[in-house]
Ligand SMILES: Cc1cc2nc3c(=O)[nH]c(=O)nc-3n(C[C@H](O)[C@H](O)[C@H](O)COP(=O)(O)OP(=O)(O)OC[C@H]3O[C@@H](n4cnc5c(N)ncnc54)[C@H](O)[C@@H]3O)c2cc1C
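One chain is shown next in structure tokens, namely the form predicted on its own.
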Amino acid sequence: MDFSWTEEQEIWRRTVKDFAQKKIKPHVREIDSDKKIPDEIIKGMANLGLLAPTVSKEYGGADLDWTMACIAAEELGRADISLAIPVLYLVEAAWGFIFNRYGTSEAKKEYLPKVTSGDNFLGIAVTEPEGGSDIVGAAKTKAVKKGDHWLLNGEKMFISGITESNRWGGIHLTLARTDPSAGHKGFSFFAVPLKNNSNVETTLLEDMGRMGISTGGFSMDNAELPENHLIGEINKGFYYAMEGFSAARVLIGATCVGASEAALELGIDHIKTRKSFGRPLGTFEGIQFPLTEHYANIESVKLLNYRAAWTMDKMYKERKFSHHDVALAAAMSKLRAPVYAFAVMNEVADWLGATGYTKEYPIEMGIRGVRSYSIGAEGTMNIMRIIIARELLGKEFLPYK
């Protein structure tokens, strides 16, 4: 066992941290207020290789492994506690990897170089208005082959990047039924462009947090796609989606670590200098004991998370683990990371007192942003528990069969 970082990993962390602290952190409040990530930050991320960095170099990516991808996610979370930029990062890193792995060469050449350069957005569209976590049972979106093209009908909701995709162009990897009688084996994945698509209508929702990246949905009425916009094999879409979700969950864990460490650092600075009853707040056991618990919790999440990234790297590079191993490791990280991060931020807000309820400190942005990760982004907490139980007990114990 070796818990040290390689020289390459150390250099990468310093590089991303330097960029994030200098170019992103000073603008986080502006991003939250203006509900937009400035173009100069997008271009800076592109120049550093932070947009879909897991994509191969052939298409402008950095071909990062998952440990390196998590290091970047952690540092972006540390700089942007609102988690808007980390969401942009993790969505493109996770689903850009899936598109790079399974997409057709024609579609990848059309979109991926523009994604890695910051000129296109790449997102994921699985959730439906009535579906939520029940992807298999409630999904109604369908795709039908007509000659040399596909026709898609249906609606997706609670999707990240609607405004960005409409403004920049790009695609959302969209799950649709191609064999309604086959259950989870009857889904396929498609690359659906939203911009200038007359058969796609978009809508926006206003989230409570992560204001710098949009959320909404889109409906498709006979949306026509070229044959090469099918991703991978027909009726294998559910498996590609699950693979992508595991990747995204690991990156979520890393962003939570960075954001919670930033919050804890802010809190520590405050309790060391703020005095009450003639003594620094940090001298009171009622402050010290929660501090130690939160610190230990975040350290445990960090270990869980980087072990999950290591498991992914071993699977993809050496085939030493299976997708089931990865799903278990990713679900454990996702089960703990958002909950512990939220608890840290909530505690620090208590330490700050009345000022913690104002916008003088960024902690309220963190509380609003990180809550999305436990409510539903990439799976609810109970879905994580179901995944873990499935891997421990076997598929025959799934509660929904």
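Just so it is clear, the structure is predicted and the values come from calculations on it, not from any experiment. Residue positions are given as counts along the sequence shown, with the first one as 1.
Another form, the form predicted together with the named molecule, is not on view; read the next lines as being about it.
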Counting only non-hydrogen atoms, which stretch in 72-80, 281-289, 295-303, 155-163 is within 4.5 Å of the named molecule in the predicted bound form? 155-163
My question is simply whether residue 126 lines the interface with the named molecule in the predicted bound form - judged by any non-hydrogen atom within 4.5 Å. yes
Does the named molecule get within 4.5 angstroms of any non-hydrogen atom of residue 377 in the predicted bound form? yes
My question is simply whether residue 54 lines the interface with the named molecule in the predicted bound form - judged by any non-hydrogen atom within 4.5 Å. no
Within a 4.5 Å heavy atom cut-off, is residue 215 in contact with the named molecule in the predicted bound form? yes
Have a look at 131, 244, 186, 118 for me and say which one sits with a heavy atom within 4.5 Å of the named molecule in the predicted bound form. 131
